[in-house]
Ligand code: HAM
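The data below hold one chain only, encoded as structure tokens and taken in the form predicted alone.
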């Protein structure tokens, strides 16, 4: 028997949870004026090397990268932002005025050790906003994520930080480099990051490194006046909007393209992989990938990480199940099902069965109405109906029933 690859799961048993989370996220994003974008799963490897950065674990260790039959280096997307930015530039939207807001969802791939809340194929929902400089957009993005979690009744803690900009980051990196070069017990990843992007060391999960970084210099002490002003404004807007948050001065996002605002939503109910969403501002990425300088901010949330945090409502009975007692009526009920499907969800049974078996099938399919035709119904031009929600039976005229309003079914 061939089974799914390690770290890759079929969405079957948890399909209702997946659909529930996705529907809530899409509904909230549309209320904020975001429109769907769907970028390919397969992209040129160079896209992620240039966007995520060589210092990131994604590029360094986790990408599903291979050479295709045309000799090109390609990879399965490890995150969603880079593909959206590539599409934004390719469609020349960076050369138009105004603000462009997109949401996306789908599979991402990272080759890492599978564990609870961390799979090799996982699913993200994300939003990206292009063309708006105002810190109010940063706040709106955070509020959108908040609204999604509130809609799903998920408890969370919001942490925010400022990562500075091109004006204040060089001085901070110089100070941080001096600190890192004086350490002797950094892990291999942090030794590599020290040479590529030292701020990424602060994102390390190694206990020894985390202890060392308790004494590391903080970007908050090096922010320029504009970054200080924007970060103070963000905190004021969130407070005014009734959003609880904490300032995590050591918060550093896992990708190289972030600047200024960075944030994470975390949950204490899902173990060590406690981040359920994260994002921030990335004003340099569009230009870095060949487009015109464009302000940008967004976030992504991990769908699988939220399965244990939600309680989807019980699926209501809906639709019509239709079946026949004898084989002579099968062609008729097939035709009736096509009429019904223009107005109501319809299940049709192609084999003749006894009434009890039809009722059992209808119940298993969670149908609201069970409709059955036997010899007597065919002779009388009627149909036998049972409302499985109300428990009531009826025997209406077939033609009248087929044309009724099924919005309540």
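Residue numbers count along the first chain shown, from 1. Since this is a predicted model, take the numbers as computed values, not measurements.
Keep in mind that the form predicted together with histidyl-adenosine monophosphate (HAM) is not shown, yet the notes after this line are about it.
- At the 4.5 Å threshold, heavy atoms of residue 119 reach histidyl-adenosine monophosphate (HAM) in the model of the complex.
- Not displayed here, histidyl-adenosine monophosphate (HAM) is kept clear of residue 138 by more than 4.5 Å at the level of heavy atoms in the model of the complex.
- In the model of the complex, at least one heavy atom of residue 305 sits within 4.5 Å of a heavy atom of histidyl-adenosine monophosphate (HAM).
- The shortest heavy atom separation between residue 213 and histidyl-adenosine monophosphate (HAM) in the model of the complex exceeds 4.5 Å.
- Though histidyl-adenosine monophosphate (HAM) is absent from this view, in the model of the complex it lies within 4.5 Å of a heavy atom of just one residue from 298, 164, 323, 83, which is 298.
- For the residues 310, 187, 339, 275, the 4.5 Å heavy atom test against histidyl-adenosine monophosphate (HAM) in the model of the complex is passed only by 275.
- Against histidyl-adenosine monophosphate (HAM) in the model of the complex, the set 79, 110 and 127 is in full contact: each member has a heavy atom within 4.5 Å.
- Stretch 127-135 is the contacting one of 127-135, 179-187, 315-323, 205-213, since its residues have non-hydrogen atoms within 4.5 Å of histidyl-adenosine monophosphate (HAM) in the model of the complex.
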